[in-house]
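We give structure tokens for two forms of one protein chain below, kept apart as structure 1 and structure 2.
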Structure 1
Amino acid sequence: MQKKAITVSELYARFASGEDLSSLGPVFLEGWIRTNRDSGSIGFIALNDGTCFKNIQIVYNGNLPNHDVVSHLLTGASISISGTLVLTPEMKQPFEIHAEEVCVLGDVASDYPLQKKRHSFEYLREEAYLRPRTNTFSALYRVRSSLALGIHEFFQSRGFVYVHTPEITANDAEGAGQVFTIATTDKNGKLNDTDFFGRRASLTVSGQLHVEAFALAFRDVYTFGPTFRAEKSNTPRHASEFWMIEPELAFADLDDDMACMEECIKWCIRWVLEKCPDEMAFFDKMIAPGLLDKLNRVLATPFTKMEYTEGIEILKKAVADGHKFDDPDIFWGKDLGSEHERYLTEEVVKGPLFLINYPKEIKAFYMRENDDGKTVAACDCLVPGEGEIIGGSQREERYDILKAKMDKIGNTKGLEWYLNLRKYGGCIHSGFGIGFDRLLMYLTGVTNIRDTEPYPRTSSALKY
């Protein structure tokens, strides 16, 4: 029967609890070598077993029967160790393992792509199947896993119902037409995009329309899953496949919506700071110095509200006063870029900002039209260092107004069910969307969405 290994995370947890590990007796561990250095009389292995971000130091000497083999093991090899735990309060690590037996479970070839040096993010994207073994991506994907749980904890603890919305759909929720069409092939390999469902179908760009129907039955709901955009946009913030968090709140107006957004983003910050302290400290030190200060300032700062119209006037004045934007053409009706959003949140309010009441022409058809006839009850949540991080709106609950808008853009056919929600016991309701991968960029300081996604999907790139 195989020995039961103790994990590195368990050792650190037991040490943190105050347990005296010096009396633990023989220990058995399994993991992968991060580094191995041998001076002849003594050697040191940094071992990571995947259960936590921290490594554990393994000390070995010439008494090992297979010392010559162990001393030449390379980064990436998998091994098991039997030995004794020794407390080292005077060292950087609180304890280490003095090895009595080291077994090689899986050697690593000399052409292993991850050598003992720093690799660029660009290089590691080409080796995406191995990059979780590096410090940066070990930390990043551990935070991703923890934050996904945190998202569910936030909504579930507030009584929201989790809805699995379809990935295959017959409508484009955003009305942009940038969708991946689904097709089947016949025995000759000919594509057909209508024979399977009897109409054209595509991968979803959003679960919002489907989850709205559930909000009008369960009150507060959310969906959290993959979405797809057929955009050939080669920027650090765009991907063809990404995960979206999309809550919908019945009997809620735009102010209620923004209150939920603020509460959610602060919850996410607190969650990763509390659940992933080692990883977040690593990001603060190695990836984005000042990250922890930035996040803690957001936690301590109430979110400001500003009318879109006021924001435009402020940006116009900034241009007139000599501020240099890459795009200095500011006008009412403009869909603001990240540089404009960052100016408002970083230079003007110096904190998180809700920019509200956008021109209806630049927002989606489902957003509630304001009484002025020009704007909709929509908001973007802007944060320092990033710009927009959340978008939301009060939904148009008035049947006649929504029908007129849908008829005008020509998307009523096929969405009659969505329109009918307004006459079958409809009510005011609101919702928002958070791009999970972009949220990770903000929380970790990683600047490219291709790195926050385990296997990124972007135009002209499909290696894995």
Structure 2
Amino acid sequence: MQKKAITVSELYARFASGEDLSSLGPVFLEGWIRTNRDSGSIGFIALNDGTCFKNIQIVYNGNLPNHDVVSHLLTGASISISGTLVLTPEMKQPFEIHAEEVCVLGDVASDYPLQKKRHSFEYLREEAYLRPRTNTFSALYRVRSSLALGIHEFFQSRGFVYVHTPEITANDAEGAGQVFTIATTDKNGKLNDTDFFGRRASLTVSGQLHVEAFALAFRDVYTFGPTFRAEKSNTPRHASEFWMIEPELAFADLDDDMACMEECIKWCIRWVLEKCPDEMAFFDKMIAPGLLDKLNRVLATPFTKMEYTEGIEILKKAVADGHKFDDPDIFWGKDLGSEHERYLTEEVVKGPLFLINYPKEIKAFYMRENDDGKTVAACDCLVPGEGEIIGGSQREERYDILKAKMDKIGNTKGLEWYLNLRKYGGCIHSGFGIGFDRLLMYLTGVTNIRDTEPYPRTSSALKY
């Protein structure tokens, strides 16, 4: 067993609770150097031990037996420190450590890619394995971790049952043909067999179909896990692997569904503000000025609802009034691009927007057809800065209508079980999918999914 260090997060927590840390006695810490400056008689190390966003200041002087080594340590080196905690009420940080001993645990080579200065997001993407050691990414991935728990808390505290839907599946839930097919290889690594399961299998694009079956047993359920899409969309919002939260609510229509979405997004905002205040303050200051104001405004305002048809009229008018879209060809039946979604949520509504009742031709087969015969009870939740972060719908619960639709697109075979749910005690039910990595972009103001994902996967990019 290693000697146990006190963590920086514990020190800050005990200080915040009002404990008098001046009587703590000798302390022992371990961590990584963020910065080190030595003025000859006195030196300062900003140490981050990974347990919280904040650094702690280590003060050392010529009394250290290895002063010469310590004063030359570079950003990134790992060290341990034995010393005393000293309160510094007149300084920016409430306390610091006066070092009596500093041990070098892992020196850092001179080609270490992270320097004291600020690096660009693009540069750090190339060094994805080291970027968790930077302020931005340390904040981002701690918020990500906390938000995952927040999501579970939201659903579990409301009685939703968590279902582990499979990653390997035979269905292309969304019917968009963007699946990664599973194959085995022979011992030379040559592609061998795509028939391992006796039928074509792929990585899941959505757990929805499987989770629907559980909703018809448990009432309210959710799945939360990785999903995969072979889309070659080279945008800041698309990844080939992303995490999705997919709740499904029995005895619930589209309005119930949207109420749950709004409550969930607001819960997530409150969660990160409360659980990660240092990180959120950092994003507000360094990444997206105004972020905290924006999130607090969202908390205070009901989400707007708008018919797809009205959205099209507004977009047409915008084009007529001279607004420049890359794609200005707006017509009823169009699958809106991100620029159109963003116009509606940023320029028109200036906040989160539920766009509802889309033309059935541009939406997935499982969505419930409305009485007009033209639209389905679908909704996308659009947010400023990003566009779509949630897609949801009321599901088609009428056997005959769904079967006719599935027969038409030809996906009935293999999904008989899904259809059967409509004849074995079916009921009105609805659900949605939140892109977790996009939600994190929204909450932190980070503008590229390659940054909110620890190891992003996009086409032609698999370095780590």
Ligand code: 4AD
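In this text, the rigid core denotes the largest set of C-alpha atoms whose superposition between the two forms falls within 1.5 Å. Here, residue number means position along structure 1's sequence, counting from 1. Worth saying up front: this structure is predicted, and the values here are computed from it rather than measured.
Of the two forms shown, structure 2 is the one predicted together with this ligand, while structure 1 is not. A movement of the C-alpha atom of Ser78 falling short of 2 angstroms is seen between structure 1 and structure 2 when the two forms are aligned on their rigid core.
Put the two forms on the same core and the Cα of Gly150 is off by less than 2 Å between structure 1 and structure 2. After superposing the rigid core, the C-alpha of Gly322 moves by 2 Å or more between structure 1 and structure 2. Superposed on the core, the two forms differ at Asn188, whose C-alpha moves 5.8 Å between structure 1 and structure 2. Its Cα shifted by 2.8 Å, Gly351 is compared between structure 1 and structure 2 on a rigid core fit.
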